[in-house]
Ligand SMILES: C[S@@+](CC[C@H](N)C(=O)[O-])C[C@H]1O[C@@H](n2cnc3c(N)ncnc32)[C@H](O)[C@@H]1O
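In structure tokens, the next block holds one chain alone, the form predicted alone.
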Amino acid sequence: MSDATIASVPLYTNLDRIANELAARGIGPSDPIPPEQLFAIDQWHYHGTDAIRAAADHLLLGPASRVLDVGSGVGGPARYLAHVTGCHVTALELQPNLNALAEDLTRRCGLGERVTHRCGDALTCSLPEAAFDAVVSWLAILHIPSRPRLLRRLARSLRPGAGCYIEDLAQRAPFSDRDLRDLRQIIFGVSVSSIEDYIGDFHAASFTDVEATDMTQDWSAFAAARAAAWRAGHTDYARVHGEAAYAAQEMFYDLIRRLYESGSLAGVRLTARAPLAPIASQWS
């Protein structure tokens, strides 16, 4: 058995890199932060704020919208949504260190009234029923061990007919033993499955209008270009953040590239609508 945990994922280590990047922009550890100064730093998914803007447009978010962000990390998508659309976001993150950093960045951006950070497990923490107009998530649900249970909980937390917008990793073909081990231990991809199984879990949770867009070709090209750019920028990055921080990110980026190139890893965008009828209360 592996003793890997989500905290060991290289992407979630060396968090001082955010402070280092802000310092390079002349922003000290207690200074206010213009939200735009974070957009190139705190978006840890494919295509940065363009991906978040696409979700906001699809979900028709505005100042009256109440959004739940599952696996919110250091809060990049939540802050962008709140800043650009005026919506209120409840940002739910499992890891205390990421959540604490997210809260500090949000406060310094002046977005504390529009983003509420909660530290908790999406499978067990209390979620209000029929409270949200939308739920979003970017490359986080792969870390959650029971996706069917999660989706049932999300269906209950959404208002009838509310929208769901998720981007996540999936499986295109069987992984080799080595790749499966790395997927589980380094990426902590504990619930990665076929796109068809993902769709099935949405239907089982009573979501409607479920649509899946295969993002594999786009994200594979993105991952390859990202890994190449990372290696090319080795000297400059290590000078600011240190060799350990560089190596951790390189391991993560190169593994993702390799898994796409193996033909086993897929990317998917799923959109759906919450059921129009109330969900039975025993679905916890």
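When you see a residue number, it is the position in the sequence shown, counting from 1. These numbers were taken from a predicted model, which means no experiment stands behind them.
Same protein, other form: the form predicted together with the named molecule, not shown, and the subject of what follows.
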Task: Position in contact with the named molecule when the complex is considered in the predicted complex, options C87, C109, L98, L127, heavy atoms within 4.5 Å - done: L98
Task: Candidate from S65, Q43, S220, Q249 lying within 4.5 Å of the named molecule in the predicted complex - any heavy atom - done: Q43
- [ ] May I ask whether F175, V192 and I256 each come within 4.5 Å of the named molecule in the predicted complex, counting any non-hydrogen atom?
- [x] no
TODO: Within 4.5 Å of the named molecule in the predicted complex, counting heavy atoms only, one of 115-123, 101-109, 158-166, 202-210 shows up; tell me which.
DONE: 115-123
- [ ] State yes or no: in the predicted complex, is some non-hydrogen atom of L11 no more than 4.5 angstroms from a non-hydrogen atom of the named molecule?
- [x] yes
TODO: Although the named molecule is absent from this view, report whether A4 comes within 4.5 Å of it in the predicted complex, heavy atoms only.
DONE: no
Open item on the list: So, I144 and the named molecule: in the predicted complex, are they within 4.5 Å at any heavy atom pair?
Closed with: yes
- [ ] With heavy atoms only and a cut-off of 4.5 Å, decide whether L94 touches the named molecule in the predicted complex.
- [x] yes
Task: Within 44-80, the residues that have a heavy atom no more than 4.5 Å from the named molecule in the predicted complex - done: W44, H45, G71, S72, G73, P77
